[in-house]
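Below you will find one chain, with nothing else, as structure tokens; this is the form predicted on its own, and questions on how it binds or moves follow later.
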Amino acid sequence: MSLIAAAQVSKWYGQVIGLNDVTLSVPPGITGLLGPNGAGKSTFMKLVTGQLKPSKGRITVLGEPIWQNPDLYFRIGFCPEQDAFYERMTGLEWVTALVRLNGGGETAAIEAAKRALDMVDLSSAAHKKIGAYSKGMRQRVKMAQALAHEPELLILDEPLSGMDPIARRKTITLIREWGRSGRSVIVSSHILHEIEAMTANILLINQGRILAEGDVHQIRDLIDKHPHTVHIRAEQPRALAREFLASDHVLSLRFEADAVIVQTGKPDLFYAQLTALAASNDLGIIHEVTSPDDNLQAVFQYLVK
């Protein structure tokens, strides 16, 4: 069974199109929703959580229509991008209140809230007022309320926004652990390497359209349909350039201070040649090789074009 299925779903706000004729099927597990700001990620998540009604099309979650289906809401946890707190409540009071709204008794709600705050490493601030929380702490307390009632599906809209590097790493680890425990997660971000650290299953979205979906490694294969750019910082960049010019798979060359930047239409052949040159040491030391095209960012830019 698909976790989420959308059939020709569109959502518009007056003259503005938020989502445009989207058809997709999301499998159980962790799925990353990638796209720049304004791509339609939040609109998609609000449709999936039943906060918005599609202007056109049909969307089902956990096998059921989501719109006006409140029984299904109990099986979903949602961490929104925007903050909406009662600033004078403590983190524990706020999460407890939301668990009680989900049908839990007072004692059970307090225990569930404590467990959730502990999971997001916020137990030490449980009795502090939310108004005194940092941006990263606010993100974590939103995650705590999303998972406190142990939902089948977690939907996280830009959950790492505002977190420091250590908190980001812990949160990424936590999301991976949820996936391994059998919980399904939809997590959005405009920072591609963050999603790559969580899951290999992705959806690429831009201007309200799904550009690609599936395994990140399969999608990265699309990169071979357009030239790769390789930045080589070396002891003798001009000598390297003369070697590369003799190869028919090199499309263009340009120089920077101590580097040569090569564009190749056959990256596998080029990297084999570069490895051989580096091993021989005939043309000096190669200090660093980087490729802005050898990652998900390049695939995304290619698909947008």
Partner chain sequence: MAASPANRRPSFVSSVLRIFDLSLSEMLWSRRSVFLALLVGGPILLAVVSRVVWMFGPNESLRINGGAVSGASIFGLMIWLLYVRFIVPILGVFYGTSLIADEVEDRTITYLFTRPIQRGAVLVGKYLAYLACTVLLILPSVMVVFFLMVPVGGGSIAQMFPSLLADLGMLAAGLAAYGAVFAWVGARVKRPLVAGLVFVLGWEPAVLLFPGYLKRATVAYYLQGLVPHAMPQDSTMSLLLQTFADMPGILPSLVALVVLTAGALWFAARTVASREYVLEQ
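As the structure is a computational prediction, the values presented were derived from the model and not from experiment. Residue numbers count along the first chain shown, from 1.
Not pictured, yet referred to below: the form predicted in complex with its partner chain.
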Q: Work out which of the listed stretches, 207-215, 82-90, 120-128, 184-192, brings a heavy atom within 4.5 angstroms of its partner chain in the predicted bound form.
A: 82-90
Q: Would you check, heavy atoms only and a 4.5 Å threshold, whether residue 233 touches its partner chain in the predicted bound form?
A: no
Q. Within a 4.5 Å heavy atom cut-off, is residue 179 in contact with its partner chain in the predicted bound form?
A. no
Q.
Would you classify residue 229 as touching its partner chain in the predicted bound form, given a 4.5 Å non-hydrogen atom cut-off?
A. no
Q: Would you check, heavy atoms only and a 4.5 Å threshold, whether residue 238 touches its partner chain in the predicted bound form?
A: no
Q: Would you kindly say which of 219, 172, 153, 98 lies with a heavy atom within 4.5 Å of its partner chain in the predicted bound form?
A: 98
(Q) Only counting heavy atoms and a 4.5 Å limit, does any residue of 107-136 reach its partner chain in the predicted bound form, and if so which ones? (A) 108, 112, 115, 119
